[in-house]
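Taken one at a time, structure 1 and structure 2 that follow are two forms of one protein chain, written as structure tokens.
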Structure 1
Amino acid sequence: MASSRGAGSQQVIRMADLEKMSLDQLKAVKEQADIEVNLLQDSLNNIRTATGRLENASAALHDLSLRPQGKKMLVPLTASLYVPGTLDDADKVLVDIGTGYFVEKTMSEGKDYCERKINLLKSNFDQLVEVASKKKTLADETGVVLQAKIKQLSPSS
């Protein structure tokens, strides 16, 4: 995913370069950086949501493992229709691994799966946070230089 924008080559914009740029170029750089910061924030939010859902799943799994077999329960058929049923085998769970594939796993494997996914998401989140804060710094610096230039150019009497 990191190759989609060649971020490395664009990143090397120093304060010196910012000073040399014209007003229009500065505005363009700032706008571009702002757009990128927003995109990264959106991605960060998405990761947070996904992590939350996985943690819910993990908690539900843990809860399920505590229930005895044969326990009476209500099974949702639609959002407003529940049907009474009994808990069959709480040791086997079906895990959605993506692209329409489901795998039968044991309870512990299922919990392990959730843990793994949560860790993967957390490391992605940390990486993104780094990139996002660098972009934000760039956007802020550009904004500062832009303001300074505008003040310079406007008559100061």
Structure 2
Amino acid sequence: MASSRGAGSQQVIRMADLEKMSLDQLKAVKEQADIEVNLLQDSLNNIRTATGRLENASAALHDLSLRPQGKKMLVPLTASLYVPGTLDDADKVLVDIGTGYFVEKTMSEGKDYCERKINLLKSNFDQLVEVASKKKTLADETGVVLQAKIKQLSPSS
């Protein structure tokens, strides 16, 4: 908790110091904040994509649990390649836990794994949205101060 309060107060101090900065310093702060906002947006998009995939996997597990043993079906090998197969045991599934590792789990354990990962990703998403919002505010305020300084330095017509 103390570290998050410290980070927030540090940002307030930075905003108070914006007007004391030179044009070059302001440009550097603005560029850095814009880069960080873009990286955070990319991370948010990646989390959205991963959450969607996990939700699809959870739905597929639910659908698979409803099918009877011996049911003929198409098994996806890639996103566009399917091969015919037969459902042998719907209670056991292979769960991709990352970097090419798979773990055999029961159907309920597989569903639970997907739900835990979805909840974790949603929590991370909410935290990143908050950080991105603060960075965007910093970038916007820096831009306003930068424009005001440029206006002050330009000869009035």
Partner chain sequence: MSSSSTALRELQRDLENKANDLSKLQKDIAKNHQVRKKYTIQLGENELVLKELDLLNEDANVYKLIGPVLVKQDLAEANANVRKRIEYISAELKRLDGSLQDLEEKQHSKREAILKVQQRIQSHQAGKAKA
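For residue numbers, the reference is structure 1: its sequence is counted from 1. Throughout, rigid core stands for the largest set of C-alpha atoms superposing within 1.5 Å between the two forms. For clarity, every value in this text was computed on a predicted model and none was experimentally measured.
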Exercise. Pick out the form predicted in complex with the partner chain: structure 1 or structure 2.
Key: 1
Self-check item: Rigid-core frame, C-alpha of G100, shift of 2 angstroms or more between the two structures
Solution: yes
Quiz prompt | Per-residue C-alpha deviation between the two structures [P84; rigid core superposition; Å] | solution = 3.3
